[in-house]
Structure formats: C-alpha cells, structure tokens
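So this first bit is one chain, no partners, the form predicted alone, shown in structure tokens.
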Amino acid sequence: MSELHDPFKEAKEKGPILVAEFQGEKIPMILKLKDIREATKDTETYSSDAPRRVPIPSEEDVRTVRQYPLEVDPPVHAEHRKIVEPFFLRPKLPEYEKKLNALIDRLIDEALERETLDVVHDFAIPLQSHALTYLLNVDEKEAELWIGWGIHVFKDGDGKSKGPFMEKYSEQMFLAAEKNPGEDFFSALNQAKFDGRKLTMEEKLGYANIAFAGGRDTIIHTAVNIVDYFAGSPKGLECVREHPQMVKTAAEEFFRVFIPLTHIGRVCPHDTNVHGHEVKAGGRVSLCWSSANRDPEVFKEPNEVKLDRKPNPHVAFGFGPHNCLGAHHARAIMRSLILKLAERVERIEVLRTIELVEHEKEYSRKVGYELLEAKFTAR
C-alpha cells in the first residue's frame, strides 16, 4: 500500500503549532505528540469546562446540553466518569463478546450473499448501531432507529434538526425507563446520584448525547477504512490469517493511522502563550490527535501502515484524565472485525468510492468515506 498522506506534515516541519481559522476564530493547533500529552494533563491551562465548545467546530447550534463526562474538568470529571463507567467496561464480558462476534458473522454473511454492498451503509453503520445496544444494554431493536441517523448524528444531513430529535428521543427513553426500570443505561442514570442528589434530566441528556454522538462516526469510519485497507492489501489479510495473535497490534495501528477525529478543543481560562501564539482568556486551543499520530519524532515511517508496529503510543483515544471511555468498545469491535475478515473473506474488491474529506482553509483531510461499494469473496 502506498504511503498515506499527512496534511500536517509540512506544518510539523515548520513548528509545533498550526494556527487555523474555525468559525471566525484563530485557533492554534498543537501538532506534536509530546506537547499534546503535556497539554492534556494541564487542565488548569487547557480546560474542558466549556459546554458545546470542546468539539471543533463547536456544537452550540446542534445541541443544548453539556456532554458528560467530557465537558467537565478534574476532579469533578472523575465522579461523573464513575457513574457510567460500568457500561463502558461491558466489552470485557463474555456475553458481550459472544453477541459482537455473532453480529459481525451475520454482517459478513449478508455481505457475501450480495453481489456488491456499500460498506458504509450496509455494514459499518449497522455494526456500530447494533454494537451500541450491547454496550448500553438496551433492546437490540433500538438499533433500527439509530441506523437511520447516518454516519454522524450532527454532521450527516441536517444537524440542526437531528440534534433536538436525538435529545427528545433520549428524554423519552429516560421516562420509559422510569416506568419500567431495568439493567440498562437509561435506568442506571435515573438511579445515579452525584454529590448526594439524583441527576437532573439535563445532566442525563448530556450523558446520552455523548453516548450516541461520541463513538459513532469514529467507529464507522475506522471499520470502513479497515475494509478498504485489506482490499488494497490482501497480503495484510493473509498475514493476520496466518498470525491471528497479531490482531492487537494491527488494530492499534489502524486506530493510529485512520483516526477519524482530526482534533478536539480545550478552552484557556486565562491569557495563555501557546508555543508562541497568544490566546486570550476564553479562546480555544486544538489538540490535533491526527497530526500527533504521525509525529516522525515518535513513529518511525509514520505514514506507512505496519501491522506489527510496537510500541505504538498513539493518541487515537486521547490522553490523560479524559482518555476515551469508549476505547474498550472500539477495540473489541475492530479486533473482532479484523479476525472475522481474515477467517472468512478471501478477497475484497473496491468498485466505487466517495471520499469524505474535511476541508478547512489551512488543510484538507480525508476522514473516511460517504460510500464504499465493494464485493466480498468467501474463502
């Protein structure tokens, strides 16, 4: 496979930041892995206590609630994280693994039966939606509604109407769980307490918001990029087939190079000099995960895919106190997907693609596909 393009390569050679404009705001993007790791730990200088402004671009026009536990700082963050952590550890349960493997087998069965399929809409979106029901421990029939939300709950289509729809749906789920409580995510949040009191509906909606939005496009794009990689590199699929123990390093390498999330923001509560760029109090900084994952000072031949790369200290799941809660879920899905493809698929042929590219003034970055038509051939 040819060398992957790094849109931040030239900027990294010039210095530690790239100042880019988002929504009329000049934001310094921190590009290097070491600098990003240090910034994630300095939550007094680089704060997440900024409802709807942590994502870049901000989401002030598509949601009304603060996302928990993402948009709060330590030490409060840790208390919010504990409330939902049991659900994000479910991928370690045998019953979760059994359901996930059965789901991926079913999706591969369907792919092999078709002449061709759109891997985005026929495979990856159903995969993410059904797997999320296992994580939240809700009825799997809910996935059929979630599939209709598309690649991204805010950015795919009309986010200004989809955001309120998702909040209304979540509120209905919390009200239904109050009448018929169970062992699911919504019932647990209805019973949860923070600082000695029950959570407000707004807080509960903030947890649900990130559960639905946070790991959606990231999982969908990573799964599609893995299928596309193996289509272009059948030797990679053969290598995993012969050495299945390689699945862990392979999955980590795919997370490193295919990270769909370009960056995330932090807000500076005080005037701050960010590697030579002055940010006024209330201004934002970008932690550019995708650039850090190709940092040549850390990764040898950073734009090549090496399925046995080790060590691989990527920041695809962030770093520090806000390390991604959904990392176990994402790892379980991709490891199972890689092994099942190696076990059951001889060849993947890509027939047609429509790339999804993030265009900004200072860079353009491919994050995944809007469509990837392919043909799977069984072993």
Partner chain sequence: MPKVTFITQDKEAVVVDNVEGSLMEIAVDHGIEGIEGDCGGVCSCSTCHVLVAREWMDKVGQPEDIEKDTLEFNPDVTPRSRLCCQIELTKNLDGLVVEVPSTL
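Positions refer to the first chain, counted from 1. Keep in mind it's a predicted model, so treat the numbers as computed, not measured.
The discussion below concerns the form predicted in complex with its partner chain, not included here.
- The single contact residue among R344, R347, R52, H328, judged by any heavy atom lying within 4.5 Å of its partner chain in the predicted bound form, is H328.
- Residue-level contacts in the predicted bound form: of T353, T45, S58, N312, one residue has a heavy atom within 4.5 Å of its partner chain, and it is N312.
- With a 4.5 Å cutoff on heavy atoms, T249 counts as touching its partner chain in the predicted bound form.
- Contact check for K26: every heavy atom lies farther than 4.5 Å from its partner chain in the predicted bound form.
- Proximity of K92 to its partner chain in the predicted bound form falls within the 4.5 Å heavy atom cutoff.
- A residue is said to contact a partner when one of its heavy atoms sits within 4.5 Å of a partner heavy atom; R335 meets this definition for its partner chain in the predicted bound form.
- Annotated contacts: R37, V298 and G320 all touch its partner chain in the predicted bound form [non-hydrogen atom within 4.5 angstroms].
- In the predicted bound form, no residue of 115-150 lies within 4.5 Å of its partner chain by any heavy atom.
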